[in-house]
Every structure is written in structure tokens, then in C-alpha cells.
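As C-alpha cells, one chain now follows by itself in the form predicted on its own.
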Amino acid sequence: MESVGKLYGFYDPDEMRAIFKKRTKKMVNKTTTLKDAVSKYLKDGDYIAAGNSAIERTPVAALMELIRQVRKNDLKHLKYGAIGGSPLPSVLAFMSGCFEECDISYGMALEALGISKMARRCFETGKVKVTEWSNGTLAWRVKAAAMGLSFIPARSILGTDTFKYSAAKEIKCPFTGKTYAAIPAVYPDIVFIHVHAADKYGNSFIKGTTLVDVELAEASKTVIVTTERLVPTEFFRDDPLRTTIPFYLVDAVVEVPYGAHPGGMPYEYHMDVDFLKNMLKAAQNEDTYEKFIKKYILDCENFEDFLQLTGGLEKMRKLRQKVLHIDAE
């Protein structure tokens, strides 16, 4: 079977090794603002990815800044990799109208809350060009890049329509002659990852599931970390196992408390179900959603403005109580 999907985000591994080799290994202060980080690294045609786990630990603040700058600067030909089962970042990305092409597996439904009609329409009308993958094969594309390979062999999508609409190729095993799917590597230009804690050099700590975030950091040209809190480097030196992502993979560090809101942050705060329902309601048609984007993203100077619009610290205190099960007492 021949696949018909377009291959996005692929580079020769040796070309990427040369790029990664130039990345500084010095421990320098990388703290900055989201506005400056996105402005410095984002350019026309970039392939963007976001670390996350469904609606949890999504780098919402970073994605909102990206949307503001794409709209303001009229950036074109952006591609999005909906890697790791990423419904909330995918909904934000595609409903914003900022992306023209994508790799995707599972990504349009906010779990039990429903599917965004606006995002679904992007695909039904062909407004966003799609190359399909399974959750596993899209993650393995990142794994291949992190390992410095051009592809990883797999069997899971052979003989399926997912294979047909992917950019994988059939190959023969040199040892057994059996047929495998060659899953090509993907090297994002920019990845945004939201973490629980980071120091000024970029050492980052994620509590709980990491999905493919570590591999994304290893595979991406530029890694922008947003963190719930900045911590002293001793946090990592006292217990090196806290280093989920080492500093030398990170290009910029931005402290953004509640940076995953209205998604949830494991052990920190619950997702804002009411806001997410309203977002899906606004996504019934282009007019209502454009008003939503304008109010909550474009007219906000920064993420702090968005937090104030959605209830401020009092709202976040209540969402934290849900995680701690205090609200049920």
C-alpha cells in the first residue's frame, strides 16, 4: 500500500545533529517573557508542537501568546503537530486560524465535554491540510528524532486507512523479509512545554506523567518552557532525579503561574469545566468564536489579563481546592 499523506517536520538526522551541536551547553540565565520568547523564535512556516497530556498540563499561556503574535504579524504557512493526544492545544490552535497544515491523531475532542464544531469544520472543508497518524506512531516519530534516526519500524498501522493517509512507507526487514511500516522522524521547529518547576537555566521538573515531552525537548530545534514557579538550582542539585528535562535542551524559561488554565495542572489546580464548556459553545460558528478569541486572547495584553477575565486568583483558589478535595468537605 502507498501512503498519500504529506510529510511534515522531517529533516536529515545529520543536519539536525549539526544544529543541536551548536546549542550552548553553558549554564546561562534563560529567563524571559513569553512575548519576547515567541517573538524571538517564531517565524513563517514553522512546525509547532505542544507538550501536554490531553487537557492537563497544556501550555495555554504560550499558545495564547503565539496566537496573538501570529495574528498581529500575519505569519503564514505554520504547521502544527498534535502530538501526544492533545485536544486542548489542538482546539486552540485550529480554531484560531493560525495553522494551515498538520500532523494529527487524536485531538479534536475535549474528552467528555464534546467536540469543537469550528475545529472540525477546519478539516471537513479542507481549510487545514491533514496527515493522519495513530497516537502511537505520532509519538514514535518524535522518538525517532530524539534517537537521531530517520525512522522507526512498526507494524501497528499496516493495512489500515490510517497508514494510507499517513506519510509512512512500507519496507522489508533485512533479517526476516517481513513487511514493516517505516515511521519517519519529526523535528518540530518550536515546542512549548509547561512544567511544575524550573530553574533559571532551564532544568525542568514535571510531576506525574510526561507523555512524550522529554522526547519532544530532545527532538525540537527550540524549546520554550513555561513553569508554574521558578526554583533555585539547589532544587535539582539536592535531588537530580527531579530533572525531567535538562537545561541544555532548553532555550527559554518563562515563569507563568496557572499557565495551563483553563486546562488542569496535576497536583496544582483542576480544569475549569465551565469555561471550557463556554469555549465549545462559542465554537458553534465563526462569528461567535471570533468574538471569543478577541475577548480572551487578542484583546489581552498578556496571560495575567486573561486570568483576571476568568475570575482571577479567587477562581484559581477554588480550582486548586478541587484538586485537594477540599471543595467536597
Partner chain sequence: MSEYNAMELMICVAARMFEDGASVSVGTGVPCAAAALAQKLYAPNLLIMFEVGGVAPLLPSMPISIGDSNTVYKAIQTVSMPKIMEMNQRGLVDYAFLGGAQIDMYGNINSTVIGNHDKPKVRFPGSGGANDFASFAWRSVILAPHSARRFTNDIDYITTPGYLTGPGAREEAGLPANTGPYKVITNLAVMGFDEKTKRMKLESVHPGVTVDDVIKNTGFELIIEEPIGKTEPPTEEELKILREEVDPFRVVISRSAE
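Numbering follows the first chain given and starts at 1. Treat the numbers as computed from the prediction; the structure is a model and nothing was measured.
The form predicted in complex with its partner chain exists for this protein as well; it is not shown, and the discussion that follows is about that form.
- For the residues 215, 251, 228, 189, the 4.5 Å heavy atom test against its partner chain in the predicted bound form is passed only by 215.
- For the candidate set 78, 139, 146, 197, a heavy atom within 4.5 Å of its partner chain in the predicted bound form is found for exactly one residue, namely 139.
- Three-residue candidate spot 106, 209 and 271; every residue lies within 4.5 angstroms of its partner chain in the predicted bound form by at least one non-hydrogen atom.
- Only one of 239-247, 67-75, 122-130, 218-226 lies within 4.5 Å of its partner chain in the predicted bound form by heavy atoms, and it is 122-130.
- When its partner chain is considered in the predicted bound form, residue 323 lines it closely, a heavy atom lying within 4.5 Å.
- Residue contact check for residue 179: one or more of its heavy atoms lie within 4.5 Å of its partner chain in the predicted bound form.
- Within this chain, residue 98 is remote from the site of its partner chain in the predicted bound form, having no heavy atom within 4.5 Å.
- Under a 4.5 angstroms non-hydrogen atom cutoff, its partner chain in the predicted bound form has residue 135 among its neighbouring residues.
- Within 4.5 angstroms of its partner chain in the predicted bound form, the stretch 152-180 places a non-hydrogen atom from each of 154, 155, 156, 157, 158, 159, 160, 161, 162, 165, 179, taken in sequence order.
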